[in-house]
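Only one chain is included here, represented as structure tokens and corresponding to the form predicted on its own.
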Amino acid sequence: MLHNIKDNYITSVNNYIKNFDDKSFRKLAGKDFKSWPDPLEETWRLSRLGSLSRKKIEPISLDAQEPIMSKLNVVGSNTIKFINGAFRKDMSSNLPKGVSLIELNESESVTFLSKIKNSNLKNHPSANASLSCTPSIVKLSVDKNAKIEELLEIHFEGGVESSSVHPVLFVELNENSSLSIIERFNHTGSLIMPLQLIEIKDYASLNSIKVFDDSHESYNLAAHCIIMSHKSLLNSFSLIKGSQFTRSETHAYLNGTNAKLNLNGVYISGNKQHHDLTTAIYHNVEECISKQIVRGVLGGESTGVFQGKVKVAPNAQKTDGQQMSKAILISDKASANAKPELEIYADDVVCAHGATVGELDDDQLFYLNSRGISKDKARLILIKAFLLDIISESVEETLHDFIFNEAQSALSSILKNEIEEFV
């Protein structure tokens, strides 16, 4: 009986796509969505989907696109809006010169599908379900040599109870171009499955920020594929603070020499939330750099996960791959798991990883107490400093205050239950 319950969503997806042509990208993607990840599967062992698999959920209807009151934009940004997984041109801004946005046709969508299937996301539930059920695959492209100074803000919103939402976004930066984007996930539905492919071509650069702030009842299973070329640059930062369960999984392929990737993140968890940052970075050619810093703050009965893998191919000499994860527990019932991993087949590399999980430093607390600062206020100061450090390192100056304020709003909700004298 349990098996039948767990198959409900897979059946719903199959019913959703049954009327499409057998050669459509939706049907082709749906063939590979046969089950949820097994809890014994190593990459899902720390983030099990048993509770989700037993929920009765169906893909949201394409006609469920009612207007939604959005959060305010970052000052000076251009806005792109997705409601219930569908791009809404009527609610979006005009794009800067050098940036285009289209919805892929069937042939282009099949090509997109092949790129995902050639990556290690080929068996990810969001890759299969979202390509089956998305309203359309949206491509955001930056022209060759275009240096876009305006910030692009992408809102992902909507959702209803017992429904799943499937936004699919393809971001392409052509040669010698640059762009800064901030993506904000503010859904209210039961299940959100964003899928994203980023291609950064020779000499191009992207600054990317993601803020996951879905409603507390939501599950967000985000999947990202990144392909980097010669002398390309990606600075990426993710802040996870909302939803009952959020897992952001990223697979990055450094396929061009002298590519550089910074893939940082913060999760702030309280109550019974579960937040997971999972990454896999593939150094496929020589002389590339990847650096990753992840920090977590956990209160209540929350759980946090960082899984980070760096794989260095035999010909990827002179690789520099670094990972560091730190988590602070501010509740006796909270827990964090870190699983960094190196898989190295080259002999001329500089690679390292580390992970710590613990409480606030007693010596630092004692120092602040000795200066007349109360214990609770001292704890708050140290937690803010812990987050401020990585945000300052990861986020460009113009967005620093905005991201730090977003982090502080999440802190306020969990610290009220953990620190009596919250300030």
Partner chain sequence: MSLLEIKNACLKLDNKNILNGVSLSINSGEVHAIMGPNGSGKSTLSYMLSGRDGYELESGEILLDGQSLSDMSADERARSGLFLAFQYPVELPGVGAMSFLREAVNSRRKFIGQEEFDHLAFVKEARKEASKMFVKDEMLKRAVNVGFSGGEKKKFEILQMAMLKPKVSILDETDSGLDVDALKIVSDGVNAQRSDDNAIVVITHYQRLLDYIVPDFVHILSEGVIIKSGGPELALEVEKNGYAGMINAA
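Positions refer to the first chain, counted from 1. None of the values given here were measured: they were computed from a predicted structure.
Another form, the form predicted together with its partner chain, is not on view; read the next lines as being about it.
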Report the residue, out of Asp389, Asp32, Glu396, Glu359, that has at least one non-hydrogen atom within 4.5 angstroms of its partner chain in the predicted complex.
-> Asp389
Which one, Thr43, Ser61, Asn369, Ser51, lies within 4.5 Å of its partner chain in the predicted complex by heavy atoms?
-> Asn369
Evaluate Lys27 for contact with its partner chain in the predicted complex, applying a 4.5 angstroms cut-off between non-hydrogen atoms, and reply yes or no.
-> no
Contact test in the predicted complex: Lys377 vs its partner chain, heavy atoms, 4.5 Å | yes
Only one of 350-358, 53-61, 380-388, 34-42 gets a heavy atom within 4.5 Å of its partner chain in the predicted complex; which is it?
-> 380-388
